[in-house]
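Next comes just one chain, in structure tokens: the form predicted alone.
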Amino acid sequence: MKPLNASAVTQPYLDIHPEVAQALAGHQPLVALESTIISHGMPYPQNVATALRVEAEVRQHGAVPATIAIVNGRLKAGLTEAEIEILGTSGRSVSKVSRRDIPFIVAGGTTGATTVAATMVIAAMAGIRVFATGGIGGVHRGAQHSFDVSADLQELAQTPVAVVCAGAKSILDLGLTLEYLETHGVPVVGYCTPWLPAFFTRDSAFKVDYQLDTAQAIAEVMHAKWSMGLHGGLVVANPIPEASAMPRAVIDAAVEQALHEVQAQGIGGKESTPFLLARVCELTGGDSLTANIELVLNNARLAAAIASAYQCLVRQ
């Protein structure tokens, strides 16, 4: 197989943090982390503290973290603490960057926080195959009228990165999200569960495509898929820890109210998800923020284990 860091050589817009570069050169396991969760997903200072905790969790479990963003027009695979602090204090004034936005932020020399889709793009450029996040985007409720479908799903169809998440965000239409992924050949793997987690809750009314119970088994699927030249990534759905899960009735009620407010205020596009998550946090008295932090840490642990197992397979 081609060395994981071969693509990085041909990327003149990409800066790789020295720790990440050393890991790539030494064929060590790496885990990509997104930055939208810092700027748009949580309030300051919890966002910065969580970002640093997630990086520490990855290191503690045997992998090297690479938080992804665009800083002053440069694609970044790995951030300094100072750069994470800037994203956290700037909050939503920082651009939220998906695939379509990358060339504009780069050409303009500005700073942007990367969504799941953009993080996958930059991680793949750097040669990183495993990515931990909170939850993926998906098909929004009412998409039959709005056509509001997250770019995350199309990115999963074409970019070879495994995304470890707590399922799709509960504000979405989970059934249609699974249908979209199936149509585009993206497998959804449940880690130790046959059910699709719904972000704040451990399950939903929908089943995953495959249940796998070890990081090794997931890594073997990744290795087989990409060794055969099959395009795209895969979703690894990791349920939120039971102690941190929230009652489905509480979350459903908060989501329904938040969705009503989105429609009433005419909020749409890439601004809808940050608004909805912030309102759900407010409506649950902050409980959903605590749950969000715990599920991201949980995903970082699993991602590190998968990255370690995958790297062992690549070395063989």
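For clarity, every value in this text was computed on a predicted model and none was experimentally measured. Residue positions are given as counts along the sequence shown, with the first one as 1.
Omitted here: the form predicted in complex with a small molecule. The next part is about that form.
- In the predicted complex, at least one heavy atom of residue 135 sits within 4.5 Å of a heavy atom of the small molecule.
- Contact check for residue 115: a non-hydrogen atom falls within 4.5 Å of the small molecule in the predicted complex.
- Proximity of residue 204 to the small molecule in the predicted complex: non-hydrogen atoms within 4.5 Å are absent; the residue sits far from the partner.
- Put simply, residue 111 is far from the small molecule in the predicted complex: not one heavy atom of it is within 4.5 Å.
- Judged by heavy atoms within 4.5 Å of the small molecule in the predicted complex, the contact stretch among the candidates 84-92, 219-227, 233-241, 148-156 is 148-156.
- Contact check at 4.5 Å (heavy atoms) against the small molecule in the predicted complex: none of 55, 62 and 310 pass.
- The partner is absent here; in the predicted complex, the one residue of 277, 254, 262, 291 having a heavy atom within 4.5 Å of the small molecule is 277.
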